[in-house]
Ligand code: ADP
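Quick heads-up: it's one chain on its own, the form predicted on its own, in structure tokens.
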Amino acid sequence: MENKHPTSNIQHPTLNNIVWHKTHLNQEARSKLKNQKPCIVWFTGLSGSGKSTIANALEAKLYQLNHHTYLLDGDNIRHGLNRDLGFDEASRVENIRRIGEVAKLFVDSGVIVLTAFISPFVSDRAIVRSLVEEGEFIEVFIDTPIEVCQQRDPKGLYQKALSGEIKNFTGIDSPYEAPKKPEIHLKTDTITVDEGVNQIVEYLKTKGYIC
């Protein structure tokens, strides 16, 4: 399968002088070597819902099953690639756009890429889905009541947001738009991490992403 050309409608002057360079190897060849169907497993949910915890556990499980993965985590990305972005709405949109482009490259390389980001806006997640082929974007909604997330508050962020130290915090003074039809829906206040991981692995097996 040929890698999709950039799908952005935004025109940049320099693009007039750039031609897409075709490589000898394509996604199909890279995927065959890895014996898997590449995809983006996109974890979305409130801060403290368990996205990173489940994504980490899933990657460990897939590693045990001899599959090639890479995990992109929201906090880690902001230490490097997106360190220049803030947390206002425009910056958060750009944050997800960049992650989508990076995830798309991983898919083209034949890898199963896991992403753990709040990604609060439906439109932004839809843009990432549009970057890859149908079936290559698996939305995993980590559905946890905000009351539970506030009780967990592993980084103390809710406390800071409620006291006014942090602005534009999702669930407090910035909205979270829940997925309407996610491929996988996990309610982490009623299941264990292992149960969540097993549900995702079973989905990947049933749909033919892994053996």
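The first residue of the shown sequence is 1; numbering continues from there. Since the model is a prediction, treat every value here as computed from it, not as a measurement.
Another form exists, predicted together with the ligand; not displayed. Remarks below refer to it.
- Among heavy atoms of residue 37, none comes within 4.5 Å of the ligand in the predicted complex.
- The closest non-hydrogen atom of residue 41 lies beyond 4.5 Å of the ligand in the predicted complex.
- The ligand is not shown here, but in the predicted complex it comes within 4.5 Å of a heavy atom of residue 155.
- Put simply, residue 198 is far from the ligand in the predicted complex: not one heavy atom of it is within 4.5 Å.
- The stretch from 25-33, 53-61, 159-167, 173-181 that comes within 4.5 Å of the ligand in the predicted complex, counting heavy atoms only, is 53-61.
- Residues from 178-192 that approach the ligand in the predicted complex with a non-hydrogen atom closer than or equal to 4.5 Å are 188, 191, 192, in the order they occur in the chain.
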